[in-house]
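What follows is one chain in structure tokens, specifically the form predicted alone.
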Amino acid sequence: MTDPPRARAPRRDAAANREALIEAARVLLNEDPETSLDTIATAAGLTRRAVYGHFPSRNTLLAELAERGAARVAAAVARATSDDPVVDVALLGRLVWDEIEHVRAMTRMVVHGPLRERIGPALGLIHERLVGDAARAAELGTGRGDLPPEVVAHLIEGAAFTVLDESTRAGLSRVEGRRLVILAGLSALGLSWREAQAVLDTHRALLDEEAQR
């Protein structure tokens, strides 16, 4: 009996071309979410026909970008946690922000559009962690206890999406955006603005990447 034929790995040039398309799309779509497939192909140094060999439509290219981004976010939030639920909410904001802030326009397009389902697994992991943080914070008296943890988690997520929109519109810097997403999340958890700022000041080494340099 002969062994079944093995699937051939893609040729090196084909794999390189695919990555060139992904990178060109990431850069151009962040500059203009309406960028055409032709423009992306040109930037990658490929013909339109070559593009269709990898992605049959613009939407399939966008879907892969969204899934790759979601995988990076999921890996980032798994890298660090805090036993203090208030600090953990702030840390989650920092970890997610640092993964998406350089592609804000494209991220907005994904989270507000039909491709959101592609990042569902990553959002689900974050949501579950926020629900747990909200429940523990309520038990400890460090977060609001007037709403169910599920609702509080949604409020924190909504605050983060609002910061994403505002930071893109106003062109906030990486540092300004990070600070705002942390403070907004803590506010949604139930902290006053002074309490939220105190958390940021106390844990600056953990919550501010630049402070560690």
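All residue numbers are counted from 1 along the displayed sequence. What you see is a predicted model; the values in this text were computed from it and never measured. In this text, the rigid core denotes the largest set of C-alpha atoms whose superposition between the two forms falls within 1.5 Å.
Below: the form predicted in complex with a further copy of the same chain, not depicted.
Exactly one of the stretches 22 to 30, 65 to 73, 146 to 154, 46 to 54 approaches a further copy of the same chain in the predicted bound form with heavy atoms within 4.5 Å, and it is 146 to 154. With respect to a further copy of the same chain in the predicted bound form, the three residues Ser82, Val87 and Gly132 uniformly fall beyond 4.5 angstroms at the level of their nearest heavy atom. For the candidate set Thr60, Ser173, Ser187, Thr42, a heavy atom within 4.5 Å of a further copy of the same chain in the predicted bound form is found for exactly one residue, namely Ser187. Interface membership of Arg136, defined by any non-hydrogen atom within 4.5 Å of a further copy of the same chain in the predicted bound form, is ruled out. Using a 4.5 angstroms threshold between heavy atoms, Thr202 stays clear of a further copy of the same chain in the predicted bound form. Remark: Gly141 counts among the residues lining a further copy of the same chain in the predicted bound form, judged by a heavy atom distance of 4.5 Å or less.
When a further copy of the same chain is considered in the predicted bound form, Ser36 lies well away from it, no heavy atom lying within 4.5 Å. Residues Val151, His154, Leu155, Gly158, Ala159, Thr162, Val163, Glu166, Arg169, Arg179, Leu180, Leu183, Ala184, Ser187 are the ones in 151 to 187 with at least one heavy atom within 4.5 Å of a further copy of the same chain in the predicted bound form, listed in sequence order. Relative to the superposed rigid core, the position of the CA of Gly145 differs between this form and the one not shown by less than 2 Å. In this overlay on the rigid core, Val111 has a C-alpha that sits 2 Å or more away from its partner position between this form and the one not shown.
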